[in-house]
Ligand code: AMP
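There is one chain below, alone, in C-alpha cells, taken in the form predicted on its own.
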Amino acid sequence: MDSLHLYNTLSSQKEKFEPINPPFVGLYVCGPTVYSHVHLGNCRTFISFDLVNRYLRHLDYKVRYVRNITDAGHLENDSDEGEDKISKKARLESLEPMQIVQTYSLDFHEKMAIFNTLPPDIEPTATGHIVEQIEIIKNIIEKGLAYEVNGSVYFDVIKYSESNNYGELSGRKIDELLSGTRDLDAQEEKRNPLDFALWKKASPAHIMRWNSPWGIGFPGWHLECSVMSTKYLGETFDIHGGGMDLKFPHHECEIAQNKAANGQHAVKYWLHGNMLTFEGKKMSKSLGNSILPEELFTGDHPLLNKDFHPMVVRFFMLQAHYRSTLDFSNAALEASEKGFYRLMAAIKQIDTLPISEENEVDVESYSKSFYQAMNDDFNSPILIGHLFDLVKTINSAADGRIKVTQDAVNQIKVLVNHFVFDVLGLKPADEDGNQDLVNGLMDLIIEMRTRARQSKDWSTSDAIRDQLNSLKIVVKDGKEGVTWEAQ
C-alpha cells in the first residue's frame, strides 16, 4: 500500500506523512468564533478535517484531535481595532457574552452532530486559557520580540523578520506588506503597521476583560491558537488545519508567535481547506446567497428548489477535494442527491446478492484503488468515483451478470464499512429514527398492491405504483418477490 502524502501549505508541495512520534498524531484545527450560527463555509472546513481525522484513525494512528472555541478576542474584520465580535452581539441583544457563547456553541455542536462529524478529543476555549496566554506574552517580551504601549502589547514583526521569514506560509513579502499598510488608520500605538496585538487594553465599554501585568485587557485572537495547540499537543506537533481564509494573517501570526516563544516551528504540516461559492459567486449576506445549514435541511431559502438531507450535503461536500473551491447550486445538489441514494441502495443490496461457487469480482483491486485515492492527500472525489465503480459491480452481481462468492461478498461489506461509513463518515439517510415506521407502511402498501394484482385490479395496482414513483420510491417485481427503494 502506498504511504500517505499530504499537501503542506508551508512547502507548497505534497510530502510523505511522517509523524513526529508515531503512532501518535497531533491534529489541531481552528474552531469557530461563537457569535452567530455556524455557516456552510465553516461546516465544510470541519467536515474536511473530520475526513482527515477519520482516515488517520482508520490507518491506526493514535490521533489527539484538538479544535478550539474562540469565545473572546476576535475583533471585527479580523483586525486589532474595533469591537469583540461576541461582546458586540451581547451588547446588541442585551445579553451576557457567555450567554452568546453558550447559545452558539450549542448550535455549532448540534450542526456538527447532524453532519456526523466526530467530536474532537479536546475542545479548549480562549477564556479558559488566559493565564497561559499571559505567560507566553511575557516570554516573547523578554526575548525582545514584543513591546507594551499604553496597556496593550504588540508583536514586533520587523524585529522578528531580522532573523525569521514573516510571510513564509502565505508567500507574502514583508516589503509588499508594509507598502500596502502604510496608509491605514488607528496605528498610532504600533511601531509599524504590520505589528499585531498579543494583548489589548480594554476600553471602559469593553465587556470581556481580565487583569494582566499590563493592565485590564483581553488577549489577541492569533495568540489563542498558539497557546492552546502547543499546550495540548506539545511545542511541536504534526498537523494544523483551517480554512484558506485563515492562512494570512492568522496562521502566519501563529508561526511567528511559536518561533518567537520556543525558537522553532510548532507545526510540521499545514493543511488548508478551500472556500464555498454559490453558482459561481462568493457567499455573502450582502448578495443574499448566504445559506445556513438548517435552511438547506428545510429548503426554506429563496434560492433553494427543495430541501436536502444532511448526509446528501456531506456527500456533496466530499465530492470536491478539500483544497478545491466548491460551488453550490440546486443542480449540483440534486445530482449529488441522486448519487448518494444510488450508493446507499447498492450497499443495501450487498446482503441479498446471489451467491455462486465462482468469483468474478476483484475486491482487492477496489481496495487498492480506495487506499491510493485517500493516500493522495485525502482525495475523496477520486475515492467516491471508485466507489461508484463498485456500485456498478454490485448491481451487476444483483442482476446475475457477474458471479460472486460468499467470501467476496464479505470482503465487499468490510470495504464498504471502512470507506463509506468509517472514512467518509456517511450513514444511510433513513437512520433517523423513523425507519421502522417507514418499513411497516411500505410493507402494507406493497401488500395492498399485491392483492390488487392478484385480483387483476390493474388500475389500483398502477395507481399505487405511480403514486410511489411521484414520491421517488421505485417498486420492483423480481423473482425473489417485490422490493422497493428510495431514489
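Worth saying up front: this structure is predicted, and the values here are computed from it rather than measured. The first residue of the shown sequence is 1; numbering continues from there.
Below, we turn to the form predicted in complex with this ligand, even though it does not appear here.
Going by heavy atoms within 4.5 Å, which of 418-426, 33-41, 57-65, 455-463 lines up against this ligand in the predicted bound form?
That would be stretch 33-41.
To verify the annotation, which of these, Ile134, Leu276, Ala126, Leu318, has a non-hydrogen atom within 4.5 Å of this ligand in the predicted bound form?
Result of the distance check: Leu276.
Counting non-hydrogen atoms within 4.5 angstroms of this ligand in the predicted bound form, say which of Lys282, Lys231, Lys392, Lys348 makes the cut.
It is Lys282.
Report whether the minimum heavy atom distance between Gly73 and this ligand in the predicted bound form is within 4.5 Å.
Residue-level check for Gly73: no, no contact with this ligand.
Look up in the predicted bound form whether Thr45 has a non-hydrogen atom within 4.5 angstroms of this ligand, and give yes or no.
Thr45: yes, in contact with this ligand in the predicted bound form.
4.5 Å heavy atom contact, Asp245 to this ligand in the predicted bound form
Although this ligand is absent here, Asp245 would touch it in the predicted bound form, with heavy atoms inside 4.5 Å.
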